[in-house]
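Single chain ahead, written as structure tokens, the form predicted on its own.
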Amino acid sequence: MKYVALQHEKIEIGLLSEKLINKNHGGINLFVGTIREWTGDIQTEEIRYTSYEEMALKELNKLATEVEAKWGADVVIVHRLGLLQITDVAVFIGVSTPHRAACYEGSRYIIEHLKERVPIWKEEKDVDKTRWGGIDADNS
């Protein structure tokens, strides 16, 4: 089972978690990425996520399919789009597998590759200026 989505509405963690319950799986790993206020000395006010949605959904489906095949997992990936405030949930990744090690590995695989492959862009509005792609991508 896999479920992927992009949405402007609030991410409901409980409802998405329930999709991962499988009588043959003994572990569920959840990664919930939220908007933090501070990154080092830089204070964030809000973040806007935009996307090339058709391509993003295609890549999210590929990631879910890869994890299903490699670890025998059920996978849920949901990313928020639009303007998010501090503490809002930006991304939900859930992986269920028969054993816990595969849950951790599958979840990590998705978040690391999501950032590399899925065309979702982050416009971070900090108190000093606006940054695209986050602090690490800031070349100024």
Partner chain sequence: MLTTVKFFAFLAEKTNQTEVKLNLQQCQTVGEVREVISSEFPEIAIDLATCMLAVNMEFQHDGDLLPEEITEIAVIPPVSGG
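Positions refer to the first chain, counted from 1. Being a predicted model, the structure only gives us computed values, none of them experimental.
What comes next is about the form predicted in complex with its partner chain, which does not appear here.
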Checking Glu18, Glu123, Glu12, Asp126 against its partner chain in the model of the complex, the residue with a non-hydrogen atom inside 4.5 angstroms turns out to be Glu123
In the model of the complex, the residue from Arg100, Lys115, Lys70, Arg36 that sits within 4.5 Å of its partner chain by heavy atoms: Lys115
Establish, in the model of the complex, whether Tyr52, His79 and Ile111 all lie within 4.5 Å of its partner chain, using non-hydrogen atoms for the distance. yes
Any non-hydrogen atom of Val91 within 4.5 angstroms of its partner chain in the model of the complex: yes
Any non-hydrogen atom of Glu59 within 4.5 angstroms of its partner chain in the model of the complex: yes
Its partner chain isn't shown here, but in the model of the complex, which of 59-67, 101-109, 22-30, 36-44 has heavy atoms within 4.5 Å of it? 59-67
Let me know which residues along 13-36 have a heavy atom within 4.5 Å of its partner chain in the model of the complex, or say none if there are none. none
